[in-house]
Each structure stands twice: as C-alpha cells, then as structure tokens.
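Single chain ahead, written as structure tokens, the form predicted on its own.
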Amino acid sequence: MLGLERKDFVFLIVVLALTLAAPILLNPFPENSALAQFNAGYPDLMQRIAIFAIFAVGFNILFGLTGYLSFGHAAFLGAGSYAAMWMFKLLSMNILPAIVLSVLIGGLFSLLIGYVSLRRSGIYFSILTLAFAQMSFNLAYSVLTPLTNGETGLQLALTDPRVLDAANNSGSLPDTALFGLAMNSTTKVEMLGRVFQFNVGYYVCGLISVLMFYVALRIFRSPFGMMLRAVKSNQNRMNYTGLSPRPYTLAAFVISGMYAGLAGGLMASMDPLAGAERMQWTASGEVVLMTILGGAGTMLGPVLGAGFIKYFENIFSKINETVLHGWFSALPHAIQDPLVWLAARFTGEGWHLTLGVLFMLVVIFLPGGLVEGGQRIGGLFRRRKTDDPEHHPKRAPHVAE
C-alpha cells in the first residue's frame, strides 16, 4: 500500500484524517465561552502549523537520522520565499510554479552550503551552518537589495509584469491562487450549532504537508534511511567497511534544504511577502526547538513540536491583562489583581517564559520529547490492561500426579 507496511499506511491515513478535520478539532470551545480564546482552528494559524510541520519534518531528516545539527536552515526557508515572490512578480500568481522554483532554489542553495559545511562535523558543522545563514541574512538585508528589497521586504506591486496574468490585470493587487482557486477564499459551514471556517489555503498547505510526511516516511523506512542511521551511530565503522558517509549526509542535507525551501515558498504563497527576517538565526533555532520538543528521530515528533510552538506563539501571546481580568472577574480585587499580575508574566508578551518552562520540563523529564510522553501514557494503559485479572488467560487447574 503506497510502498508502506500496513502499520505505516494506517498511520498515514490517521494523519490525513486529522489534517482534513483540523478546522473542527482545533475549535473545541463555543465562540461565546470564556475558553474560546484557546481555539486554534482559524486559517492563518492552521496554515502556519502545516508549513512549519513541513520545515520541521525536513529538518528531522538531517538531524534526527544523521545527528548533524544545523543552525542555518533558515537560509533555505528565506531563499524559498524570495524565489516564490519573484515568480509571483514576473510570471503568474499561480502558486504551483512558485512552489517548484522554491524547492529547486532550496535544493541548490543547500547543496552549496552543505558541500562546504559537511567537511566538518559536530559543533564545527553547526557553527559553519550558522555562519552561512547569518551571511545570507546580511546579504538579503543590505547587499542584494535589488533582489530582496532590503529591510522592507519583497512585495507585490501593480507594475510587476506577471507575463502569464497580463490579460487579467484588474488594476489592483491580485491574490495568490491555484489554477484560479484563491488561497484566501474561506467557506463557513454551520455544524452542530456552530460555525466552522474551511480555508482553501490551509487545505493546500495541509495536503502538501501530508504528502511530504509520506515522503519522509518512505525515507525513514528505506535502505537510504538505514545508512543515515549508520552515520549517526558510528561513522568510523562505516569507514572501515569502505563506505564514505559524506555522500549520504550531503544527500540528507539537500533533501532537508528542499523541504525548507518548500516551506518558504508556501509562506510566500499564503502571504505574498518575503523578508530577510526569515533567514535570521532565530528562525533556525525555532525549527531546532520544534524537533527536539516533539522528539528528534521520530516521525510524528516534529509535527507535534511545530503545532505546540505555533499554538503558544499565537494563542498565549494574545492573552493580555484585559482577558485575564475577565477570567478572574468573579474574585475579589484583593485576590484578582495579584493573580492577573502573575498570569500576565506568562502570557501576552511573556509567552516565551511559558514556552521556556515547558521546554525545560520536557527536556528534563521527557528526553525523547512529546512522543516519548505519549508512549509512556500508552504504556501505562497497556500495563493496567495486562494487570487486569479479566485479561489474563485462565490457567488449567493443577492435577496432582
């Protein structure tokens, strides 16, 4: 079944089903309830979760399988965004050519950086990738301004040629689309007494993320994936067998860079803007955080990490003191004000503090990330089921000889 074992195929179907149902699953609370603040089923957030899931899954192919920790993957994310934007400006607002070019540019750029950086390993490799990413950021910010528009960022303009869309020029900035289907179009459907939003852009990002998840799954289960694990396990033993690890690590680096370029292209497709900030070291650190938080080397871990961090970034950062006062309005002011002050330190602009505390707890108590936490919970349920006398097979009575 699609080249997968039965267990992996079922896993993929579950991921696909969750992706399709996300607009409903991420809105568990009624709109008029106090907990509606925690709903995450709106298009912008779901798009970002799907895009960063692609970014993190691709990064996991390099870091999770080979153990090579790159601090420069934001360079490929930014390069993919710029490539997509130039396609929108010169060719067409159809996202398909933009996505194809962003993947190619991400792959070529990663081939160049990987060829140099992989001459070293360990911390030296990490520092080299970080240096290349910062050079890329500075080039985009202040040197290659004719191509990147510097600190303002690359944006659409009415004067753009868009040779394939010239006949459809309406005098206003066009929307990105997939063969005429606008990415920002949203359909509202009333179900179960509530209104849910189904956005075209999210489903494009979501289905592409499932496709790339499938590709990563095939890589993880392939002989090539086994060779990458061998690189992580012991490179010296590989050398003794006559196999050079460098072609395998370079291939993993390029594949990972193509994933990052695709994520950058999708970012520009959903929001037609490309800025140098996407190449900053903080963006590279974010994908590292996502992968470790979810579980490096696992299939689902980077996806969970991406969703976890983007959720906190978008939900907790919007909880200000006004919202907190509404939550604690039933309490006396003598108690309400200190509680609001304390909670405000971990929400709004202080949401990074909450994320930092949770990250510390996960690293200390769940070294394998959120996936390990799920496995431990599942193990507890299996142990209880095993310990249940009703689930033990009845033993035959002992017959004395």
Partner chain sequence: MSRYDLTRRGLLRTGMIAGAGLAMPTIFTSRANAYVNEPKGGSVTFGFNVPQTGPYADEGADELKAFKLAVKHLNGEGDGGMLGTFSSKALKGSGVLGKKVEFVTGDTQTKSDAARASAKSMIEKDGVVMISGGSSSGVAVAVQSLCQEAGIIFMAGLTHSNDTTGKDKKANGFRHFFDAYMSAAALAPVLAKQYGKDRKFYMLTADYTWGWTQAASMKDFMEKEGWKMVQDVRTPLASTDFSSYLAPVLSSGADVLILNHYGGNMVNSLTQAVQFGMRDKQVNGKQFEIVVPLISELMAKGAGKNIQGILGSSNWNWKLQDEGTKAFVKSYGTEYGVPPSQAAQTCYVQTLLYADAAERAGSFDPCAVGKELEGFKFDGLGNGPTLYRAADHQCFKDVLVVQGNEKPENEYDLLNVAEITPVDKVMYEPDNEFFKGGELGKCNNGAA
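Numbering follows the first chain given and starts at 1. Just so you know, these numbers come straight off a predicted model, no measurement behind them.
Quick note: we don't show the form predicted together with its partner chain, though the next part is all about it.
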Candidate from L273, L104, L91, L250 lying within 4.5 Å of its partner chain in the predicted complex - any heavy atom: L273
Stretch in contact, per heavy atom within 4.5 angstroms of its partner chain in the predicted complex, of 96 to 104, 276 to 284, 254 to 262, 326 to 334: 276 to 284
Heavy atom of V189 within 4.5 Å of its partner chain in the predicted complex: yes
I315, heavy atom within 4.5 angstroms of its partner chain in the predicted complex: yes
T66, heavy atom within 4.5 angstroms of its partner chain in the predicted complex: no
Close approach of A34 to its partner chain in the predicted complex, 4.5 Å, heavy atom: no
Stretch 123 to 146: residues contacting its partner chain in the predicted complex, 4.5 Å heavy atom cut-off: Y141, S142, T145
